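What follows is a single chain, given as structure tokens, in the form predicted on its own.
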Amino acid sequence: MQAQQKPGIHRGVSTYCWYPLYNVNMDLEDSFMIMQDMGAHGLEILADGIIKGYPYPSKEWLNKWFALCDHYEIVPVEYGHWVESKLFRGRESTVEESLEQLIHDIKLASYMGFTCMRTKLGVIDGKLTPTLIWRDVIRKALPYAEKYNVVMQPEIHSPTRLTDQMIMDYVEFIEKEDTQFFGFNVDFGTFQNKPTPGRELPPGFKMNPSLPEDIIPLLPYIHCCHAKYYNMSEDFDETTIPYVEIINIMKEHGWNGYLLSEYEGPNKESYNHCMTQVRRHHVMLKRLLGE
């Protein structure tokens, strides 16, 4: 049986931590074994990279999925997918074409046991501004999300800041539609205020990253977060992101949800490096969460 979770902050892992190791050094069951060993039961997948035969997996594959989740006590949390806006040469996808993709993923995510979706909308510029039709697409998808009990969440990712107009537009939409089925996934990379060793900070973030307190007014709309990490030290500290301040704020405000580890540092091709980094990350999270 899947682990029963009490209200509060819980730990999990995005399978993105281990790309491009999948189908080379490890498979889905390997990642489940590692998660169970770390006591990190929440899972995010990238659907097109994990689901064999996506977007139409076989019954055999789905039965294996359910069996593995049950055996390793894995909680499907977030289903990562894309609403592709450039499927056709010379034009963007229409509202109806985008909606068709989205409805299919809503149904599949729900069937697989996920409660949230990292709904990656098409973007129109380097600031990750979503396609102009996003309101129409999401509005028409809301009845399906409610029917299948899945929350759609665009990822708030650098170079976006939590105080940008884009975020205010999302909040305005949520409040206008009075919906619980559209929210955010905040990627902690938006808080990065120190460079990754051997790298520079992303453009635009050298002086003005999001501040930990910027997350406070958004917490009611956040159902899970990408707990991004770039560099876990031997002392079990993330050296580029102010984790202590972020987690303390989330605890103080009674946030409930999953922190999903997502590694985006150097040497992702190294199995041993990725394993060391994710285990250090969860040692840190356990300490910060008081486990």
Partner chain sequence: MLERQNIQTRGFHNVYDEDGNAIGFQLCFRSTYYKGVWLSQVRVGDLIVDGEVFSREDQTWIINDVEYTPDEMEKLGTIHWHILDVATIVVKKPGGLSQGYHDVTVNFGTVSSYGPARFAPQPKDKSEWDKPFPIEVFSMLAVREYHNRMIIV
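Positions refer to the first chain, counted from 1. None of these values were measured; they are calculated from a predicted model.
Although not depicted, the form predicted in complex with its partner chain is the subject of the following passage.
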Check your understanding: Quick one: is P154 in contact with its partner chain in the predicted bound form, heavy atoms, 4.5 Å cut-off?
Key -> no
So in the predicted bound form, is its partner chain close enough to G254 to count as touching (4.5 Å, heavy atoms)? no
**Prompt:** So, in the predicted bound form, is R139 in contact with its partner chain at a 4.5 angstroms heavy atom limit?
**Reply:** no
- Query: Does at least one non-hydrogen atom of I241 fall within 4.5 angstroms of its partner chain in the predicted bound form?
  - Reply: no
Students should find that, of R91, R199, K147, K176, the residue having a non-hydrogen atom no more than 4.5 angstroms from its partner chain in the predicted bound form is R91
Interface check vs its partner chain in the predicted bound form: of K127, H71, K194, R135, the one with a heavy atom inside 4.5 Å is K127
Assert contact_stretch over 182 to 190, 213 to 221, 168 to 176, 82 to 90 against its partner chain in the predicted bound form, heavy atom within 4.5 Å, equals 82 to 90
Those residues of 18 to 40 with a non-hydrogen atom no more than 4.5 Å from its partner chain in the predicted bound form are Y19, P20, L21, Y22, N23, V24, N25
